[in-house]
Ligand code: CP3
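A single chain comes next, written as structure tokens; it is the form predicted alone.
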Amino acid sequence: MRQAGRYLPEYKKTRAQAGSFLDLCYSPDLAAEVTLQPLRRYDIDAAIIFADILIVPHAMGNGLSFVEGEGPVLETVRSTSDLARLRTGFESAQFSSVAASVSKVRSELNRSISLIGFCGAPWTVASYMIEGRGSEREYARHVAYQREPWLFDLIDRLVVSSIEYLCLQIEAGADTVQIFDSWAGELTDELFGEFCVEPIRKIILGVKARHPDVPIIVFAKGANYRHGAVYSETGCQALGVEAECSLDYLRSILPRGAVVQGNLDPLLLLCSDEIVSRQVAKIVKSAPMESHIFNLGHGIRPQTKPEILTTVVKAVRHADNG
């Protein structure tokens, strides 16, 4: 989770060189450099391309900027007339730049290391577009309850563009792709199937029609007891899991052999080596190695000391061998 980022001094140097966050995302040379930086520090099995979940709306013509200390600010979409300014994102400079980054990383990455592409899920991305920022989602949920026709149109457009975006990453060299629904957990059961599960199912169907053998991971953060529905109804090959959801519980509701990815609490990385090692071992031993991808339950915090990730990796390797 956010392998490359503000906790790494080499990232900060590259970020300063880029000038802005979006310039970093859209510079294939710099994005590839940032993607590869964690691989030079840590004995890890996969790289995830450096990009952002808001690449898709930006490629569709929705205004986007990143404000220092505030985060993303987007042009809002709240009506049918707002939808009129959006395009598909196909053949956009944004998609082409990310595909070029993937291609460059794949050419420099050892074949034994997997490369992961990704996109944001329609509900999370639509929420950003509706709210204009990421601080709250109340209006987005309000219009979801009202089943506004323009919201369904927006979701459908995001599905179409996300399929193209993921396929471009696969064709550029991504071995697997992941769909992040960061705000799925805020949806009530009434809305969850309609706005989380169904759009993701459509994306997976579209990607599989072109690339049937590429594994797809879905991370519906906060789904908790609904992870079973996500796994069974979307057609994904693996589930990302938040730190708050027990792997033991998941094993009780998922089919035997279902793959899960997770779920160390990022806050633990601010603790001592002893505590981190103990918690890592506990997670590794709670799921069979052949059906568990060790990961965090969310992104690495900026104040994390890089050295603690070495402790994490060693603890995973030791627990696996033990």
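Just so we're clear, the structure is a prediction, and the values are computed from it rather than from any experiment. All residue numbers are counted from 1 along the displayed sequence.
Form predicted in complex with the ligand: not shown, discussed below.
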Open item on the list: Taking the ligand as it sits in the model of the complex, is residue 4 in contact with it (heavy atom to heavy atom, 4.5 Å or less)?
Closed with: yes
Open item on the list: Would you classify residue 128 as touching the ligand in the model of the complex, given a 4.5 Å non-hydrogen atom cut-off?
Closed with: yes
TODO: Using a 4.5 Å heavy atom cut-off, state whether residue 95 contacts the ligand in the model of the complex.
DONE: no
Open item on the list: in the model of the complex, is there a heavy atom of the ligand that lies within 4.5 Å of any heavy atom of residue 265, even though the partner is absent here?
Closed with: no
Open item on the list: Give me the residue from 287, 53, 269, 32 that has a heavy atom within 4.5 Å of the ligand in the model of the complex.
Closed with: 53
Open item on the list: Just to confirm, with a 4.5 Å cut-off on non-hydrogen atoms, which of 280, 296, 39, 48 contacts the ligand in the model of the complex?
Closed with: 48
TODO: From the candidate stretches 288-296, 65-73, 269-277, 254-262, select the single one in contact with the ligand in the model of the complex, where contact means a heavy atom within 4.5 Å.
DONE: 65-73
Open item on the list: Pick out the residues of 168-206 whose heavy atoms come within 4.5 Å of the ligand in the model of the complex.
Closed with: 180, 182
